[in-house]
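The chain below stands alone and is given in structure tokens; this is the form predicted alone.
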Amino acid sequence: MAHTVPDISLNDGNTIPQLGFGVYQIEPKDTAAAVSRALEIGYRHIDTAEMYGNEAEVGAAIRTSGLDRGEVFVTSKLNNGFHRPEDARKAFESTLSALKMDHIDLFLIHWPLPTRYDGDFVSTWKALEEFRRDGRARSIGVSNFQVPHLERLAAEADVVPAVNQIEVHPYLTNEQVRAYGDAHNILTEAWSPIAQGRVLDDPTIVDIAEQVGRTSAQVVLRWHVQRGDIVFPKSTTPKRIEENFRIFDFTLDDTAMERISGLDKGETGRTGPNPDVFDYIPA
């Protein structure tokens, strides 16, 4: 189990572990046990969000792990209902309070919501810039931002996002947004990395998995890593949590990489909402 997860450099001088553990859709009552197991296995990067409702349990698992706070990279994200700067400030304080931490490693705007708040996600971003300046957020970034949204931040704000967390998997390779990130030193984080399981039975993936003697999930996660993206699979099953960690002791050749990338279905491959029209605000 001693496989080392590579650290990747962010554009602000900080580093982030390339593989993390995601807690989306893990019930709060199950979160502490899942995160504790992930930390035991060797994960040192946990990705949560205000909307997931399980920040407190993530914090509790880290505190009881015996690890120093500095050993675990923690990400959370701003709830869609709190984009106005004063609301964002209060929400960020609530995140730190729930986690029982004095700083967070990475804080993201969860969705751009271009049809809400008069389309103003720039003032929201400027609030995140404050959190970075005062040291309570070591790095700041965005999630689900499309190229025009990123271009607007570049034109109107001071800080370039450290990451853009977007839906990426073999059925939605999201190359246009990834290419913008590459050109502007914004790392891509892939959410829904196995398309909520949809890609696991794909004949191409199954064939490659048989060739390299790995599971379909391991093959897909390895594809993400070799493309240079950050990835954080989610599972509550201890065996799968461990399996997903074991992706650094094999490689995929160029042919396998190209075959997987060739599965892209464009927009029809999405498992989640389109960021251009998504406007959900939790009640």
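One rule holds for the numbers: they count along the sequence shown, beginning at 1. This structure is a prediction, so every number in the text was calculated from the model and none was measured.
The following text describes the form predicted together with a small molecule, which does not appear among the structures shown.
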Indicate whether the candidate residues H83, T124 and T188 are all in contact with the small molecule in the model of the complex, with contact defined as any heavy atom within 4.5 Å.
no
Test of understanding: in the model of the complex, would V23 fall inside 4.5 Å of the small molecule by heavy atoms?
yes
In the model of the complex, is there a heavy atom of the small molecule that lies within 4.5 Å of any heavy atom of P193, even though the partner is absent here?
yes
I'd like to check something about K234: if you look in the model of the complex, is any of its heavy atoms closer than or equal to 4.5 Å to a heavy atom of the small molecule?
yes
Within 4.5 Å, heavy atoms only: does V159 come near the small molecule in the model of the complex?
no
Going by heavy atoms within 4.5 Å, which of 254 to 262, 226 to 234, 27 to 35, 58 to 66 lines up against the small molecule in the model of the complex?
226 to 234
Tell me, out of A91, V72, A209, L200, which residue has a non-hydrogen atom within 4.5 angstroms of the small molecule in the model of the complex.
L200
The small molecule: the contacting residue among R116, R152, R138, H110 in the model of the complex [heavy atom, 4.5 Å]
H110
